[in-house]
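One chain comes next, on its own, written out as structure tokens in the form predicted on its own.
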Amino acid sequence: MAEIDEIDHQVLRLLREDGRRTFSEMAAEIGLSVAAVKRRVDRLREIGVITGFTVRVDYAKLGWGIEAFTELRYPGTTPVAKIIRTATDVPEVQEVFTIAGDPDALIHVRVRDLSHLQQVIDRLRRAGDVTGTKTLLVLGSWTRDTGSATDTRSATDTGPAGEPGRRPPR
């Protein structure tokens, strides 16, 4: 386990909130010199605590506003590698979690609409040795790393004319 102190934790928190934050911004907030913050970030990268920097995307704005988790069940003799391969061959699958117990895997999918979700689930059911599925739609989420919450309803609700963001009158 890597040894990090409270200042390292502060650096990590600031970078999780905004990975593009400058060393000088972090230095001002933490109370260190810019060089000291840079050394800490470099060290955290070297010891593998920071594994990379990424971007957060609002997929709803790209037309992919529906997320779901699908449980996959397999015969008991199915190798884990085959379970993972079944899901990774489907481009809508964002993440695959192999888990102990029932079900055997939990996958995170992102789709354009419910019809698209049905197509993805059908594709998964036809793949490999899948013996059963159960799908749960995501209504909203919260992430500890960023402290941000999303409410997917505003992005995916449609009015009578199918216009995104419009809700039926009450």
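So that there is no doubt, residue numbering starts at 1 and follows the sequence shown. None of the values given here were measured: they were computed from a predicted structure.
From this point on, the text means the form predicted in complex with the DNA, which you will not see here.
With the partner omitted here, the residue from Ser33, Gln118, Ser141, Thr131 that has a non-hydrogen atom within 4.5 angstroms of the DNA in the predicted bound form is Ser33.
Though the DNA is absent from this view, in the predicted bound form it lies within 4.5 Å of a heavy atom of just one residue from Arg39, Arg56, Lys61, Arg125, which is Arg39. The stretch that touches the DNA in the predicted bound form, counting heavy atoms within 4.5 Å, is 22-30, out of 132-140, 62-70, 99-107, 22-30.
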